[in-house]
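Presented below, as structure tokens, is a lone chain in the form predicted alone.
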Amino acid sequence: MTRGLIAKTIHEVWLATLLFALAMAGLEALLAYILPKFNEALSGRWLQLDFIQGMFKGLLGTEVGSTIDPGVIASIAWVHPVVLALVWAQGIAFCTRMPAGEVDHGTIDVLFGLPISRTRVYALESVVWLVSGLVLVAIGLLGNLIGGWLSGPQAPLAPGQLIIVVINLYCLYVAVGSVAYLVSSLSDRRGRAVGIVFGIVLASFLLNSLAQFWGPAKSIAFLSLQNYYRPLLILRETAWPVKDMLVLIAVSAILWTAGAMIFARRDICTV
């Protein structure tokens, strides 16, 4: 029964996951190829403009400084809004499938008719979700490395440095997916669940950006998931962001567990 349920989940999500992964790889390759070519152009007088400094600060979550180093160029490819949107969209699309999607389509009774507990269904779905996230970020990393290789000597960062960024991004992916699981466990309509989660994620993104310029937002920036994902600091220090990753993992564990408990105990009516 376990194998059958996993096979069913994989059958339903493999195409969407592949498309998201290919889009991620293509975008990462394009950014890694193009961005280094703007290094010299941005390092001159343009970088002295407050507008340009503010744009980089809002995007990267920290001060850039007076020069554009390879870490700045490389980190842009991992905080680009479209890249983050692809990662979040895949996680949200997957994690709102069950139970909200099943209830919405009227197929939840089929799952409930299986000789397996709700908690086990939730856990098996989550295993496939976690693996699909690994596939997504791994293929994205491959695309980034290919783009950097094609770009030439302007991209000297070692793959080991980027792996730390990708693992931090995966932790962010898991946190967003856990939010989606919690909202999904409370919802009967998948569209509504998707909208709520996207609203939460967008608010988190905007809060992190506003915190770079506005004092009141900075005081509550710790509420933003994005606050715990800052590739530029990782690439400059070549250090593991242990604290940030632990926060994301802890938040994920709490939200995922809450979603599992609600789903296991909730009275679901499909009539």
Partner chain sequence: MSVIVTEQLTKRYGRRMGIEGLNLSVPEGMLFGFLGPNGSGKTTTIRVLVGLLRPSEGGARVFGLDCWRASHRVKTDVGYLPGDLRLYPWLTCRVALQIFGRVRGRDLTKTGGELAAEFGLEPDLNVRRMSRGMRQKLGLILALAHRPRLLILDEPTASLDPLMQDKLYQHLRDLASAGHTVFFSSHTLSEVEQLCDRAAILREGKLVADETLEALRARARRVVTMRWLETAKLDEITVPAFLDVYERRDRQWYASLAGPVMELVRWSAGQPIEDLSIGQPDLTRLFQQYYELEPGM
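Numbering follows the first chain given and starts at 1. Not measured: the values here are computed from a predicted model.
One more form of this protein exists, namely the form predicted in complex with the partner chain; it is left out here, but the text below deals with it.
Considering the partner chain in the model of the complex, the lone stretch of 102 to 110, 72 to 80, 175 to 183, 88 to 96 in range is 102 to 110 [heavy atom distance within 4.5 Å].
For the candidate spot formed by Gly160, Ile167 and Asp244, no residue has a non-hydrogen atom within 4.5 angstroms of the partner chain in the model of the complex. The closest heavy atom approach of Ile116 to the partner chain in the model of the complex falls within 4.5 Å.
Residues Ala7, Lys8, His11, Glu12 are the members of 6 to 26 with a non-hydrogen atom no more than 4.5 angstroms from the partner chain in the model of the complex.
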